[in-house]
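Let's start with one chain on its own, the form predicted on its own, as structure tokens.
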Amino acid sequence: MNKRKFILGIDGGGSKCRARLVSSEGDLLGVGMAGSANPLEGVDHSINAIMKCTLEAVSAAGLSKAILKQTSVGLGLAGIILPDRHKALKDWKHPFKEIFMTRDQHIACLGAHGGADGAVIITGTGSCGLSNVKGNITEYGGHGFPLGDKGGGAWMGLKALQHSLRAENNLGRQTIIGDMLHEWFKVPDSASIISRIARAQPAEYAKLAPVVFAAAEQNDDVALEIIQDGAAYICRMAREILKTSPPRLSLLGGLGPRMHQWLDKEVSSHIQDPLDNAEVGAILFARQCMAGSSSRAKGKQKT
């Protein structure tokens, strides 16, 4: 056991944090899951989610946490755009052998295309895109809620609340979203909804996205407009990404399957199913970084 090496792939998203533990040969040993790992909600919050899903994966493998010292980690995190959060995580005195960190859309892209060139659009709690072609990585969106992330679940939930509150005071178009939100929250009035959601994190807003889709299925004009507006933004992102000539483009995230049917045919025709998930992409990222470190070490030995 002391000579064994392990690789842990972690996808730290805005709603869920998932871990996949494999042997150095690539055999799956265990998986784990926790809640949001977005460092914009606090670095300690992010670290707690990372460690929770890690220990769950280790336990599922029938191993002890002592193996973390023999484990290389590929970590993709949402919300590390802010330099102070990135630095704080870089300075974390973690229990692993080493950590290689990048954005969550990067590992998602690697997983979706088997480590080869390609591009992804992610519509989950937030929304973002990434193209990885011939060594050039270009990111799109991903500015975080509420400043950006249009077309994502949190944005959609916020729009639903705004429209329903305006309609209640006859300051906007009538919509069934308001009644559906009261039923969702199991409260009698809007004041109760506001008290529940006013200080909520993005993942809580994202939980309201299904209400918008349910209202759209009943041909509610407001719900249809919200979804169409979000889909139009995702289509604009896709067109920009396609200018980089990626061999493959995949639509990922919890809202991906639902948003796909709202996209323009021109865009939809380019979308292909992902080959694998982001945790696998995180493992591929770790292997790439480990190979790079090994090559640099050999180069220094030769000189």
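Residue indices: 1-based, along the sequence shown. All values reported here derive from a predicted model rather than from experimental measurement.
Quick note: we don't show the form predicted together with a further copy of the same chain, though the next part is all about it.
J.: Which of these stretches, 68 to 76, 117 to 125, 82 to 90, 95 to 103, has heavy atoms within 4.5 Å of a further copy of the same chain in the predicted bound form?
T.: Careful reading of the contacts points to 82 to 90.
J.: E41 versus a further copy of the same chain, in the predicted bound form: is there a non-hydrogen atom within 4.5 Å?
T.: E41: yes, in contact with a further copy of the same chain in the predicted bound form.
J.: Does any heavy atom of V211 come within 4.5 Å of a heavy atom of a further copy of the same chain in the predicted bound form?
T.: Taking the distances in the predicted bound form, the answer for V211 is no, it never comes within 4.5 Å of a further copy of the same chain.
J.: At the 4.5 Å heavy atom threshold, is K150 in contact with a further copy of the same chain in the predicted bound form?
T.: K150 belongs to the contact set for a further copy of the same chain.
J.: Does any part of R236 reach within 4.5 Å of a further copy of the same chain in the predicted bound form? Heavy atoms only, please.
T.: Judged by the heavy-atom cut-off of 4.5 Å, R236 is in contact with a further copy of the same chain in the predicted bound form.
J.: Three residues, G141, R199 and E240; all within 4.5 Å of a further copy of the same chain in the predicted bound form via heavy atoms?
T.: Judged in the predicted bound form, G141, R199 and E240 all sit within 4.5 Å of a further copy of the same chain.
J.: Looking at V222, M180, L130, L158, which has any heavy atom no more than 4.5 Å from a further copy of the same chain in the predicted bound form?
T.: Comparing distances to a further copy of the same chain in the predicted bound form, the residue within 4.5 Å is L158.
J.: Which pick from N136, Q228, Q218, Q162 sits with a heavy atom within 4.5 Å of a further copy of the same chain in the predicted bound form?
T.: That would be Q162.
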